[in-house]
Ligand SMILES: C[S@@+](CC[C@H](N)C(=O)[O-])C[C@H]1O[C@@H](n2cnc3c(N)ncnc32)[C@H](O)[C@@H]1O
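First, one chain by itself in C-alpha cells, the form predicted on its own.
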Amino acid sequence: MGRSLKYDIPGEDWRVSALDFFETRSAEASLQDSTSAAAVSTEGGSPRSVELLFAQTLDPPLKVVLEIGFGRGEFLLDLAERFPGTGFLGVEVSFKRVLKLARKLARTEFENVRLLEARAENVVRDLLPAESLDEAWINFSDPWPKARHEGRRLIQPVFVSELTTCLKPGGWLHVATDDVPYAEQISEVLDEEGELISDHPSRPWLSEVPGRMHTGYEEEWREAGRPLHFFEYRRRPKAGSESSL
C-alpha cells in the first residue's frame, strides 16, 4: 500500500495561481481545466510584471528564472540556494509534485521560489508578459517516444517562439533531454527560431555542462549509460546593446 498524500503545508505556502499574474480580471473569467491553474481566459485583465510575485520577500529589480517541469524539485531548489536574490518560478503540471515541493519548501528558509500547477504551454502563452524572464530551464521533459505521440512533445516551433518572446533580450534558454530522437527534434526547432542564438554553433548539443547540478534521475541515467543532450541558447540582444547575463 502506497503512502498517503499529505496536504498540510508546515510553514509558508509559496504556491501561486493564475490569478496572481493579472492586475484585473473579468468577473466571468474561470479556470477551464480542473487539473491546470493556467488554462484561463485573460479577457478583462493584462499580465503584470512577474517580479511582483516576489514582492513580499525580494527587493526589485531582480532577475526572474523559470523552470518548466521541475519534477522532484532538486534542480530548482539548488538554483534557489545558490542565487538567493533571484526569483525562481517553478511550473509543473502534476498537482502531487507541486504539493510535495510546496511542503518541502515550507521547511526551508527559501523565500525566492514560487510554484505554479499548470501546463507550460498555457503559462507561456497566457500568463507571462513579453521580456519578463532572464532565464528558462526545461530539464528532461517527457520525450513521448512513440511516433504517434510526437506532437505531444513540449518543444515545438510555436511553443519555442512564444517562450522566446517571454525572454529578455540576451536571456538564456537551457534545455536537456536523454532521448536521442527528441534531441534531434529539439536541435532542429531551436535552430529554426530566428530570435535564438546557439552558444555551441559548431555542435548540435553539448554532452556535458560544467557546474550543472545532477539530479537523482540524471545520475541514474548516467549510470545506465544513456546519452545526455544539453542545449544552451540565448535570445538575440537588441541592436546596439550588449547582454549583461
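Since the model is a prediction, treat every value here as computed from it, not as a measurement. All residue numbers are counted from 1 along the displayed sequence.
Only in words, not in the display: the form predicted together with this ligand, which the text now covers.
A.B. asks: Is N112 close enough to this ligand in the predicted complex to count, meaning some heavy atom within 4.5 Å?
C.D. replies: Flag for N112 set to no.
A.B. asks: Does the 4.5 Å heavy atom contact test between N139 and this ligand in the predicted complex come out positive?
C.D. replies: Yes - in the predicted complex, heavy atoms of N139 and this ligand come within 4.5 Å of each other.
A.B. asks: Consider T215 of the chain shown here, and say whether it contacts this ligand in the predicted complex, taking contact as heavy atoms within 4.5 Å.
C.D. replies: Yes, T215 sits close enough to this ligand in the predicted complex that at least one of its heavy atoms falls within 4.5 Å.
A.B. asks: Is E121 close enough to touch this ligand in the predicted complex, meaning at least one heavy atom pair within 4.5 Å?
C.D. replies: Residue-level check for E121: yes, a contact with this ligand.
A.B. asks: In the predicted complex, does each of V189, E195 and R234 have a heavy atom within 4.5 Å of this ligand?
C.D. replies: No residue of the spot touches this ligand in the predicted complex.
A.B. asks: Looking at 128 to 136, 100 to 108, 81 to 89, 68 to 76, which lies within 4.5 angstroms of this ligand in the predicted complex, counting heavy atoms?
C.D. replies: This holds for exactly one stretch, 68 to 76.
A.B. asks: With this ligand taken in the predicted complex, which residues across 154 to 168 come within 4.5 angstroms through any non-hydrogen atom?
C.D. replies: Counting only heavy atoms within 4.5 Å of this ligand in the predicted complex, the single contacting residue of 154 to 168 is L154.
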